[in-house]
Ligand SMILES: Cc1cc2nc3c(=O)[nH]c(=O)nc-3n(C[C@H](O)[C@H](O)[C@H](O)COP(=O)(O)OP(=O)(O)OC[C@H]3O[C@@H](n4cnc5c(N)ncnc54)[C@H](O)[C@@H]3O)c2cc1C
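Given next, in structure tokens, is a single chain: the form predicted on its own.
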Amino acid sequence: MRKLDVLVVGGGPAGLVAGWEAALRAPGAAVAVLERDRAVGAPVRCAEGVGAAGIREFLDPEGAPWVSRRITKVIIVAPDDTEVVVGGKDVGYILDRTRFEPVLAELATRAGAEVLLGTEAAGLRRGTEGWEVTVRSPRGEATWLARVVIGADGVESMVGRWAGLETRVAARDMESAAQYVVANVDCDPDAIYIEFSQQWAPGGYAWVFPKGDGIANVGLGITALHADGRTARQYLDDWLAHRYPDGVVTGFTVGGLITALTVKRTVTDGVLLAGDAAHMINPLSGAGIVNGMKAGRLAGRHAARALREGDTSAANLQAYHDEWMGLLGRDHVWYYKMKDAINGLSDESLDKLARTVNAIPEEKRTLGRIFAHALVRNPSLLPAAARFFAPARREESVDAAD
């Protein structure tokens, strides 16, 4: 039986950073990251957008080969095609994840972690010395022993379930998403576009994230409870025909997007959940890449600490959960309320909101000012908006959705 100090399940941004951090913080520890696909970063299942400040906590994006595009503005599109431009010098970047995640894998490897491709966890059970993990790879099936397991296995996470943690998602907090890579797209290559519309993306929103001149990730997410029975891809086909009738589809992906709050328990004895596996996604924007990396960093750090202290109990690992909630988890409660408020607005109200916001000079537009100004000019929005203005008003901006 192979014995490990830390076994990370999932080789996405959260898992690779967790392995990187654990190996850095616990020199000489046996750390391994399992990735079931044959390559890290592929297939791409997101729009690849990240906020500038967040990504710089880990890597310098300027001139990096894993950056497809630098973004300097966000354009919010109303159902009647009214555009609201929210600009800034340093909004974010569109990544090329097929190049970005191999960089994270290299950093994890240099720190001392082993990254294993085409290898997956197929089961987890408590043993007398830690967690016994059933591992499947091209070489066959084996049982490994791990003192700490970090579950970074995405929205379909099984590690949490195997460990007895509640990770189920209510239907109202799960979006079905579809995305195309589209050529011949007429858009500002330095901006991301976000469109809220009950007609085109009920219970979610549509997006355009440019990857180059005339090429963009074009997608949308819908909530089944708000939809009319059509699939996300059918909604996307209709919206694409409306928005970019001459667009040429060169690739596509479909999947699920969690817009819930962080799970109530992200730890148990010898187990931590990180990233999408713990619902650590901005519930308003869907941003998950940098969130996952921040969670992975915390998970790796606390796993290493627990090993040094010789205490991998849930009580000791609870510090990880508490630190995450202080970092971003409690902010997500506010964003969740904002999401509910926006979903409660009709397309007519969204059109009115956009026209009102355009009265604010572009250089003064922030998220807080946009909603405060809209409330003053449109008292009819108060019932919906009160749900997220109940806490203290805030001036935070939402990271680019990924």
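Numbering starts at 1 and follows the sequence shown. On a predicted model such as this, the values are computed, not experimentally measured, just so you know.
Missing here is the form predicted together with the ligand; even so, the following discussion is about that form.
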Margin query: Just to confirm the contact call: exactly one of 203-211, 326-334, 107-115, 309-317 touches the ligand in the predicted bound form at a 4.5 Å heavy atom cutoff, so which is it?
Written below: 203-211
Notebook entry, point to check: Tell me, which of L257, L240, V77, L284 has a heavy atom within 4.5 angstroms of the ligand in the predicted bound form?
Noted result: L257
Check: With the ligand left out of view, which of I55, L34, A26, L350 would have a heavy atom within 4.5 Å of it in the predicted bound form?
Finding: L34
Item checked: Touches the ligand in the predicted bound form: G15 (any heavy atom, 4.5 Å) -> yes
Check: Taking heavy atoms and a 4.5 Å cut-off, does D269 contact the ligand in the predicted bound form?
Finding: no
Note to self: Given that the ligand is not shown alongside this chain, does R97 nevertheless sit within 4.5 Å of it in the predicted bound form, heavy atom to heavy atom?
What the structure shows: yes
Next item on the list: Would you check, heavy atoms only and a 4.5 Å threshold, whether A274 touches the ligand in the predicted bound form?
Entry: yes
Notebook entry, point to check: Heavy atom within 4.5 Å of the ligand in the predicted bound form: which residues of 106-143 qualify?
Noted result: T119, E120, A121
